[in-house]
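Next up is one chain by itself, shown in structure tokens, the form predicted alone.
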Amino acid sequence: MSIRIENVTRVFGDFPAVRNLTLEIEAGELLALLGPSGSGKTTLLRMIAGLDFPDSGRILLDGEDATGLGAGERRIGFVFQHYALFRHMTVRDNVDFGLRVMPRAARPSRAERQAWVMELLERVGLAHLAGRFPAQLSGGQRQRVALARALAIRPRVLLLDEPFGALDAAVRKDLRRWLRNLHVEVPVTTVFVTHDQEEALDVANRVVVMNAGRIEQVGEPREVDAAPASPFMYRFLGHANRLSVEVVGDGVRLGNRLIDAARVDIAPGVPEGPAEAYVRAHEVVLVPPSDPRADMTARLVHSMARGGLLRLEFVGADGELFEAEIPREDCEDLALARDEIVGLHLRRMHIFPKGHG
């Protein structure tokens, strides 16, 4: 099923949670709504589900206006962060619940329900636990039961609100992989909300980044990660450094150093003069302070190893924090120590108007 959101606005008191938002979601798509707390992503999800309603605008399901329909009329599956399983029911009965309460005319026979429930439990890897109760399951298993229950009614759309937020990092990673594979087997249109950038980029076919009730950027995960379109995107996606610079022709002046145009991406409409540069942490190369490639110098204040990377924090001459992510082998020859002064070569700078976004 396709979903079209047309000029939707939702206001709570004086707070505009969603502002004149338009979005197309294709049938069979696995789409992530990504954004910080308060960006409007959960409000938008609830309006798609029919659990909340817009103050203006329309929501169309397969081209039909569903704006005024309640949740029970939309045939949409919804999975909450905290599972919401019935504690007094077995796994099998939890998954069967939505089928059992369907109107008699639409309700499958008991045998059909039992066969479909066991097929779903096989798909989520829990058929052997069908007779257990939620309290006897791990958090990851309970979330898989919740997903199977949402799929049991054969929904036209599956909505997930921070589905893995209550789980630890290792379980979240396993469930992300599992959800990707499940979507291949059961390609129902799926929209999930998350504030976790890694989760959205890992799972979704397309990512919608929201900020202050509006869409900041839409694209495939690789596109959104490789080419953030605004200062907000650089800040939100993490590990981007902000510097004050001056645009001079096609290049940029950083302090007393002129950065040539080959290393500079200037956003459209940026005039000559004061501007802001964003440099992602992986675009920083460490060099000796005297190296002619050094665009600036900084003092090392912290380092943290993560896999094959070292995440380094520096303080620049202006007192601002600067981050770099460096392959560990590249740092071995430098033998870095805390408070050491190093040179930083900036491979790429992304320029926006001063104070923009």
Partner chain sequence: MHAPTEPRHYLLIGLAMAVSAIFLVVPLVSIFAVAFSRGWEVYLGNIIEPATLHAIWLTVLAALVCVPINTVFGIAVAWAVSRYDFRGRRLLISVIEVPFSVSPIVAGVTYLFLYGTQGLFGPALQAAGIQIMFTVWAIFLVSLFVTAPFVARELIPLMQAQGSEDEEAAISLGASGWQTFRLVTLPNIRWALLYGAVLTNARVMGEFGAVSVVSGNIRGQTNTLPLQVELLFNDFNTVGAFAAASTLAFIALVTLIVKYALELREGT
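Residue numbers count along the first chain shown, from 1. Note that the rigid core is defined as the largest set of C-alphas that superpose within 1.5 Å between two forms. Since the model is a prediction, treat every value here as computed from it, not as a measurement.
Here the subject shifts to the form predicted together with its partner chain, a form of this protein not shown in this document.
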Check for me whether its partner chain, as it appears in the predicted bound form, comes within 4.5 angstroms of all of 237, 242 and 314 - heavy atoms only. no
Please name which of the stretches 197 to 205, 261 to 269, 210 to 218, 90 to 98 has residues with heavy atoms lying within 4.5 Å of its partner chain in the predicted bound form. 90 to 98
Contact residue in the predicted bound form, from 128, 110, 180, 82 (heavy atom within 4.5 Å of its partner chain): 82
Heavy atom within 4.5 Å of its partner chain in the predicted bound form: which of 78, 232, 278, 116 fits that? Just give me the one. 78
Residue contact check: residue 51 to its partner chain in the predicted bound form, 4.5 Å heavy atom: yes
Determine whether any heavy atom of residue 153 comes within 4.5 Å of a heavy atom of its partner chain in the predicted bound form, and answer yes or no. yes
Since only the chain is shown here, I'm wondering whether residue 144 would be in contact with its partner chain in the predicted bound form (any heavy atom pair within 4.5 Å). no
So, residue 227 and its partner chain: in the predicted bound form, are they within 4.5 Å at any heavy atom pair? no
Neighbours of its partner chain in the predicted bound form among 174 to 197 [non-hydrogen atom within 4.5 angstroms]: none
My question is whether residue 135 is one of the residues whose C-alpha shifts by 2 Å or more between the shown form and the other one, given a fit on the rigid core. yes
